[in-house]
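Below you'll find only one chain, the form predicted alone, shown as structure tokens.
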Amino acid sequence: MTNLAGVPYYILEFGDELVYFTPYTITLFLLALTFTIFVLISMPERQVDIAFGGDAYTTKVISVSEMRFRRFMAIACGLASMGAMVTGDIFNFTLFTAMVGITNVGIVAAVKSPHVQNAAYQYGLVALSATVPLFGGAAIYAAATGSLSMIELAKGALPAVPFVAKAFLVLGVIGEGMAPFYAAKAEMFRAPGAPYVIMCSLSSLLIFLRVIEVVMLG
């Protein structure tokens, strides 16, 4: 059990599904929780555009309806990230990862800017395509080992996980917002309203850190 980034402090089972806390997963969970609380209590910043070569500048004001929607999506993104950090089930991990991709699009989808909405649309296509290898990898895990439990995979008693399953899982996570497909998000950051937009980067980073542990199992 030591290859689970530390001996589990606690394992909570829900039938065939479970969550577990190790020094690694609880650190990632607390980071996601802290930033989600920060998003919940903070007000969005006002983005300032400055004219190049002059003193002119404009301040973008976020409407109440837009702010509420984006805050809701940012909180949902944080909750999905927290779930992905502590789940002990491969399928649930892929499900939470897909939810992170969806909420990332939702965080900026309400912005009334053609550039931002076009970028969100392009990223949405990438994230949608990434679900194929993401869930395909989970299916291969189940077919090859007969289990989706990370705890069982860590014990080493199950058949070895095929390399293609791990590769599909990593490719799916990459498509949900990590490099090189992260370039599809670049224009999204022109959207005003930190800390909501920052949640896109943080959630993608946390998912990537967790998948490193996941593919080391089995």
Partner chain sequence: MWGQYSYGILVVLVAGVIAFFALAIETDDLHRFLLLDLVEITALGVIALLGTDLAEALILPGLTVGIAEQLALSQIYCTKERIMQNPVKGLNIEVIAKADAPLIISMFLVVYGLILSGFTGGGVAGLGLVFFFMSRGYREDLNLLEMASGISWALWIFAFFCFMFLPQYWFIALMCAAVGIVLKVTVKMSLVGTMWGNGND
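Residue numbers count along the first chain shown, from 1. Note that this is a predicted model, so its numbers are computed, not measured.
Beyond what is shown, the protein has a form predicted in complex with its partner chain; the following relates to that form.
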Even though the partner isn't displayed, in the predicted bound form is residue 127 close enough to its partner chain, meaning a heavy atom within 4.5 Å? yes
Using a 4.5 angstroms cut-off on non-hydrogen atoms, would residue 120 count as touching its partner chain in the predicted bound form? yes
Consider residue 82 of the chain shown here, and say whether it contacts its partner chain in the predicted bound form, taking contact as heavy atoms within 4.5 Å. no
Partner contact for residue 140 in the predicted bound form: its partner chain, 4.5 angstroms, heavy atom: yes
Is it the case in the predicted bound form that 95, 131 and 135 each bring at least one heavy atom within 4.5 Å of its partner chain? yes
Are there residues in 81-104 with a heavy atom within 4.5 Å of its partner chain in the predicted bound form, and which are they, in order? 91, 95, 98, 101, 102
